[in-house]
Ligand SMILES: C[S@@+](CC[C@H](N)C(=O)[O-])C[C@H]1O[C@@H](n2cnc3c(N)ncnc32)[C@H](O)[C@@H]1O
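In the form predicted alone, a lone chain appears below as structure tokens.
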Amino acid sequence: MTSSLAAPSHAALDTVSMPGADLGPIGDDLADAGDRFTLAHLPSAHTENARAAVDAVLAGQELLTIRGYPSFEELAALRDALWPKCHVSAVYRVDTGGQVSTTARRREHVLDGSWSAKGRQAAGLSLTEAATVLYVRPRVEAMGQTSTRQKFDLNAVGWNGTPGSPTYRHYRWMRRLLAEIAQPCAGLTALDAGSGTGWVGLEAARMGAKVSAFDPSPAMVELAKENAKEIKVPLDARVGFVEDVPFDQRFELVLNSGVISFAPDADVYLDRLDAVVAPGGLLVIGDLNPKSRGFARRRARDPMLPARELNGLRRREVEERLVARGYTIEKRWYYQLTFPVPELMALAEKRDSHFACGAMLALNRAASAVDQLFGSVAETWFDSWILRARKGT
């Protein structure tokens, strides 16, 4: 998922440093990122400027400014050209009056206030035309442990699912699927690595496994403990990362759902994960599928994407890494039909339609079962994958 950078001239970009207060609504929106920013001016959104932009960001320039409004497709191409060294974390549009809007998933949200003419002039922007401002961070920072923990803490409740909501049955199906593929027997020691709010591990606990869990987010861990109490199963949940597992023992079963795409280095990640799987033990790992039609469509059209969507690995890539580490693949699985099923599911939830959400869930389950029946070969049709891998003794 990397983009080759065209070879531009190596002239340094014009830069200026200013307090966040002088950036108006942009500074307010990025207040958690600091109180002073350095801007670098790109001649255009053309990918030939990407190498110079990467150099500028790695040298400490957080904001890239472009005169005018490049198309979403142009910005998406530039975002790909900046990756994997840098990640576009926010996109702003500034009109000639200084009004600022944020852009995510091709939707714009107008921010309160305006960026003053004085501030824009100090940033080297013309007042006679609109401008686009990109907040760009080095990939190692955007995917670092601090950023990951903050992201999950802020969104912990949203990851827990809402009982009674139209999509709750679908939410629980996706988390139950890993445990069902694992099929743990009673008394088996299991670890939910990167557990989120705990539901993958808790499904294994319902089946009789003795489950431990960890997650980078303290808020997620607290929710996992609450969920365990609610369904009356024991759970030893702690705070930690796969790269620094908070348990000393090895486990007969390790469950890992939707986490590897958050890892800055997949090989380091799998080495650490392998270290907690007992000899002869089972690893059931799943994640997003970057080659799905839905994700491909988003990458081509949306100027800003979560880092994990750019960082995701194909099932085949993870399988090859596991085989190289001595694992035997026992089962391969795709699930979660891609575009437009997730969009239809979101629409059905917005309209509070339990029937429509139920129909989408039935379609997803049937499609996944059919794909499994034919050898799980329809890669582009599904947003997610799972591997059941047995470690050598």
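Not measured: the values here are computed from a predicted model. Sequential numbering from 1, following the sequence displayed.
Keep in mind that the form predicted in complex with this ligand is missing from the display, and what follows is about it.
**Q** Taking 4.5 Å between heavy atoms as the contact cutoff, choose which of Val259, Val100, Leu202, Leu310 touches this ligand in the model of the complex.
**A** It is Val259 that has a heavy atom within 4.5 Å of the partner.
**Q** Of these, Tyr135, Phe72, Phe152, Trp83, which has a heavy atom no more than 4.5 Å from this ligand in the model of the complex?
**A** Flagged contact: Phe152.
**Q** This ligand isn't shown here, but in the model of the complex, which of 316-324, 277-285, 226-234, 262-270 has heavy atoms within 4.5 Å of it?
**A** Correct option: 262-270.
**Q** Using a 4.5 angstroms cut-off on non-hydrogen atoms, would Arg175 count as touching this ligand in the model of the complex?
**A** Answer yes; at least one heavy atom of Arg175 falls within 4.5 Å of this ligand in the model of the complex.
**Q** Test of understanding: in the model of the complex, would Glu243 fall inside 4.5 Å of this ligand by heavy atoms?
**A** Yes - in the model of the complex, heavy atoms of Glu243 and this ligand come within 4.5 Å of each other.
**Q** Quick one: is Ser217 in contact with this ligand in the model of the complex, heavy atoms, 4.5 Å cut-off?
**A** Yes - in the model of the complex, heavy atoms of Ser217 and this ligand come within 4.5 Å of each other.
**Q** Residue-level contact is defined here as any heavy atom of the residue lying within 4.5 Å of this ligand in the model of the complex; does Trp159 satisfy this criterion?
**A** Taking the distances in the model of the complex, the answer for Trp159 is yes, it comes within 4.5 Å of this ligand.
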